[in-house]
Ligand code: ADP
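Let's start with one chain on its own, the form predicted alone, as structure tokens.
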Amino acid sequence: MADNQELKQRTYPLLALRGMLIFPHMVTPLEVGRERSIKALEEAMSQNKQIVLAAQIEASVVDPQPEDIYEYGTLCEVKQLLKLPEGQIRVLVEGLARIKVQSYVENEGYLKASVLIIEEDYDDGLEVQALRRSVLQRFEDYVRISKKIPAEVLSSINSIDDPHRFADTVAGQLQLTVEERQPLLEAVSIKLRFERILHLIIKELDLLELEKKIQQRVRKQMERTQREFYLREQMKAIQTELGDRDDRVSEVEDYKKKLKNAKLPKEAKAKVVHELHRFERMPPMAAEAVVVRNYLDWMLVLPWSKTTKDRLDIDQAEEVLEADHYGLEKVKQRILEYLAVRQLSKELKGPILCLVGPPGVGKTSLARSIANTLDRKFARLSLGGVRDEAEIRGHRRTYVGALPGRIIQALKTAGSKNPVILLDEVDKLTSDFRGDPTSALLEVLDPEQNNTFSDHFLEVPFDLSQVMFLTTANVLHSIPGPLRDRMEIIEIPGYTELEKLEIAKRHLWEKQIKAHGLHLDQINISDNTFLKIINDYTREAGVRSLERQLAGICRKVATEIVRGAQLPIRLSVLSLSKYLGAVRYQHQVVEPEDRIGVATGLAYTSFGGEILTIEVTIIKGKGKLTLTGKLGDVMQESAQAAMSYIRSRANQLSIDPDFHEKYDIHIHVPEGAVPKDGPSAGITIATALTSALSGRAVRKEIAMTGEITLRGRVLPIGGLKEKLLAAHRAGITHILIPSQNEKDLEEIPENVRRKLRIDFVDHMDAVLAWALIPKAAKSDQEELYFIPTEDVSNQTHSPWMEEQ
């Protein structure tokens, strides 16, 4: 007792604890790092190794003052002390007694406190014994359920007779916070201390029971699943019961934030909110969660309200178009008209243009140039070979790996609601059992319907009315009528020689020079050399093959430069074969003399215009008509129509009316391996037939084109520009064309029109009057068209050829 009185009267250094508390009779390791705490510890070691430990009210306080420390603490004795290299000290302390701080003594460097040591009462009544027994029983339940405390601890505690030491030992083993431990330290009465311990143990048991129920529920839910999945579900269930946030909550919050910024239409927003609520409630590893997550990602990334500002300056737009492409006046004019109307009306819907023309004329690059002109985003879809309707409308979400259609994907790529979208090769769409994609395009390319375009994946309408759709095609006949009706057709014909020359000089040559690491001043090339490449090494409507030939020249030149050739290198017409080899193509030229049974026509191919020589030969026989030269059905029918016309007009044409019964007729179109078709050779076939049957030669300088009827009318044809250019290139000076094609002459370059004599005809009588030379007396030419099958040494010409 005297020792206790002596202890009561002493003052001890005080060490403030952060996040922990020590009970009497406990042996606990500590790490001391704060300077004030180290000094207090050193002071205690210099005295009798006794120090007061009291917990901080707020663990975050770095430099605690007396008001930051609990009033009740523990008087401890330092058992061991170890200084660490980092400057910290590790100590082992043992609690001796409860204390209450009476006052703080001013001391430099550390806290010193005058304390009152609390004497423990030794109440051993029945109520205390009952409480002790209840605490022990509940503690045994706690140890059994939690499985976090070794069984040896329970045996050790059961052997303690001192109730104070028993209570403090049990309190030290419980997983409690400082706020829960401090009332136990302040409970001087053993009865009160037992009651508080019992209350805390029961609370912990309830939590353990709840945790056990959660584990059982999760175990039932995750039966036959992977262990990792089970652990994640257990964590989720625990966090749900405790109210903590998890990754799912964070992901849902991210989606809500994106939804707020996306500015979706009302219907789309309602759909996203509905799917977001479903996603929030379903397990994270459920199969459908992946589908919903993918759907939300697509809905929130689409440009529902994002647009770009159009560049409406017509002059600037014209400069951009002229810089990017040479010629193509119709398309350029249409774009400038659209910009002009846009300046006057903001409600104008995007046009839907279809660029039709042969390969290589610049349809795709023109679409990209239009996007640059408008300062809009650009996206390109290649539709060649697409045969599934889902490529346009998307897949329904019930399918594995479902995605939106290509239209919606293009909008995501563009990142705006009003891009320029190019539907390339729309004439090459096909269909099969999976649907008809051309039918799906009917809604996309209809300005009256595409403001509510329905994609199967999105399940809500998307407004496509601000999108400018451009389509390209090589031919129109393979595009279904309803789809063709929704588009504004702009035909892009093949380039003329002069246009190809300008394109090569302005664009292709500089592009290839740069691509091959050369400089313009290293090579001298003339316009005549360009023209020879165009005429003799390429046969096309566009310029792709021309660009390849120029690339071949650049490669050869680069090789010469590397080998030390003298600069600049001059490319001439004569030296061109050194770089490109022998001439590949030779265009047909005009016949050298007037011939019987040979007429010159004009043809339009995918490579541009060509002249077409039609030969007719008469052979004795039984009236058989033979057509050779790989002619198509339409061209064969034109020959039969011409034959019928001549039979009906035999007397007027000075032809024996019975010629079809006595002689076979063979019509041949040279270059037999090249397919030929179309009705525009009708009047040429009729002229060659009439020439062969009447013995009148055809003028060599005349070429003609036009469709013939049974009554001899001449109908209009297409591709007039290309045909006239081919005639001009071949040296023909006189052209016969249908009268109804007179309006098409505006497209012909002025320099070509000046060099051609063009006459308009509407009947075969006018054609024959222009084309056939009046029959003279006997001529050596009369023998050229007729191949006898018997001895005709005494017969110079057929009897029906004599003038009547």
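These figures come from a predicted structure and were not determined experimentally. In this text, residue numbers run from 1 along the sequence as written.
Note that the form predicted together with this ligand isn't included here; everything after this is about it.
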Among 125-133, 646-654, 271-279, 503-511, the stretch whose residues bring a heavy atom within 4.5 Å of this ligand in the model of the complex is 503-511
Should E547 be counted as a contact of this ligand in the model of the complex, where contact means heavy atoms within 4.5 Å? yes
Report yes if any heavy atom of N528 sits within 4.5 Å of a heavy atom of this ligand in the model of the complex; otherwise report no. no
Using heavy atoms and a 4.5 Å limit, would one call F469 a contact residue for this ligand in the model of the complex? no
Partner proximity in the model of the complex: T364 to this ligand, non-hydrogen atom cutoff 4.5 Å: yes
Could you spot which one of P419, G601, G394, G360 gets a heavy atom to within 4.5 Å of this ligand in the model of the complex? G360
Using heavy atoms only and a 4.5 Å cut-off, determine which of Y326, F659, Y104, W304 is in contact with this ligand in the model of the complex. Y326
